[in-house]
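One chain comes next, on its own, written out as structure tokens in the form predicted alone.
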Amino acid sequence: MVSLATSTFSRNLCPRPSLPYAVRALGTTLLRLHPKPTSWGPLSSSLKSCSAHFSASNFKFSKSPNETLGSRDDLVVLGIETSCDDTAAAIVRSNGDILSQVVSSQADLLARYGGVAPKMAEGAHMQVIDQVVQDALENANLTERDLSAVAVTIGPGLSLCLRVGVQKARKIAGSHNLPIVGVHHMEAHALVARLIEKDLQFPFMALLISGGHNLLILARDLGHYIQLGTTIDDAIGEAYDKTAKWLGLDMRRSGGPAIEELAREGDAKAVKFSTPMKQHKDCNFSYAGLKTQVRLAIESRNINAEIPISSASSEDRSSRADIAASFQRVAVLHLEERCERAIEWALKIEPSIKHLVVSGGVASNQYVRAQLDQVVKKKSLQLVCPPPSLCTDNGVMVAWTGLEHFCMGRYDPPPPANEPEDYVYDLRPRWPLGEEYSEGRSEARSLRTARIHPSLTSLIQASMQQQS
């Protein structure tokens, strides 16, 4: 278990929403937003007001002018994240103070299986979730009674893993009569940048890159996103992990850091890999073909992944380093090309954009940051990257995103203290963040079949239309 020191990032949060309203986020029933306890006073405003909420389009909604959502900058939210292989919890105050952050990684499992094994990951989450949450509370010198709400990732991610976090969050919320907020994992990666960059206001662009996701979005407002590009097969993080595994690298830190470190020893132009999708003039990504090129290059050089890099001969190590460097150059070049086009598209829609946020686990890579910084400077934009500890999966991003939505009235009331064992949780393993930009639509089958749940943006827009 890794307990991270309390951070001192600070930012005021929470506007007064225009109207409270019915809301459905994690539960299965129609809910009304109740007035907050009288001890909650006015909040300082730093966000645009928005009266949207989570719900399926066939739900009815109510307006209640006499119910007001008070505001303060001392709301305290516990965030829980278990969407993949990290068990994380954090406590964040609405003024932006990070009171605690705890992450338990599954590095040994990653090394053993060469990636995430869902059933094994679920078991690992179940073993540590109680202690991770308890550590987060103790490190913040708080108890559950001091919390204003609980936020938890409900998707996208691995269903088995998501369930562990949601179950824990609902248990805490039910036992202590706390509101609960369902959080979109990718939105959380984007919004955590607003915690550390005080000048980051909507609209802005975001490139979200991780083991399971490649996403280019235009964030027009809280809960309102346009998808400019996504992956049609594998994400960049998956390509890094597979390449690292095939090269016999240490997977305990995941493939990204291992490739980046070895690439510093290699010649980035030694192996002529083709840049993916050069003929497609859109902003979508594809890494499956590059993975195949890497595998063939490794086979042609007779590199044996069973021999770890630490035991490789000098010549063998040099060959592996050349492949790592050449792979990284082309993998990131693909990001650069897509980002350049996406910035052009986004500026047509929102000319006032000033920032590109780069977040997600792969955003911890310094080579990625340096290359993308050159791209945004050419477009007269500013690159915003959270610190590495907030790029990888963490509870801070979930707590902060929960706070942003909570202050807009988007939350569920406390669940029952004792839910039945057969309760069906609202898990959204495949959950789009925004609607596709018309020029960026792809006919790829993988994109069509991935839309199991309506996008977060479409749910919020539908609810706004029903209230108007």
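If you're wondering where the values come from, they're calculated on a predicted model, not measured in any experiment. Residues carry their position along the shown sequence, with the first being 1.
Just so it is clear, the following notes concern the form predicted in complex with a small molecule, a form of the same protein that is not shown.
Mapping the unseen interface onto this chain, Asp393 counts among the residues with a heavy atom inside 4.5 Å of the small molecule in the predicted complex. Using a 4.5 Å cutoff between non-hydrogen atoms, Tyr287 does not count as a contact of the small molecule in the predicted complex. When contacts are judged by a 4.5 Å heavy atom cut-off, Pro386 does not count as touching the small molecule in the predicted complex. For the chain shown alone, His125 is not a contact residue for the small molecule in the predicted complex, no non-hydrogen atom being within 4.5 angstroms. Note on contacts: among Pro276, Gly211, Gly248, Gly223, the single residue with a heavy atom within 4.5 Å of the small molecule in the predicted complex is Gly211. Only one of Gly155, Pro257, Pro179, Gly229 comes within 4.5 Å of the small molecule in the predicted complex through a heavy atom, and that residue is Pro257. Partner contacts here mean any heavy atom within 4.5 Å of the small molecule in the predicted complex, and among 147-155, 355-363, 168-176, 131-139 they occur only in 355-363. When contacts are defined as a non-hydrogen atom within 4.5 Å, none of Gly79, Arg194 and Glu197 contacts the small molecule in the predicted complex.
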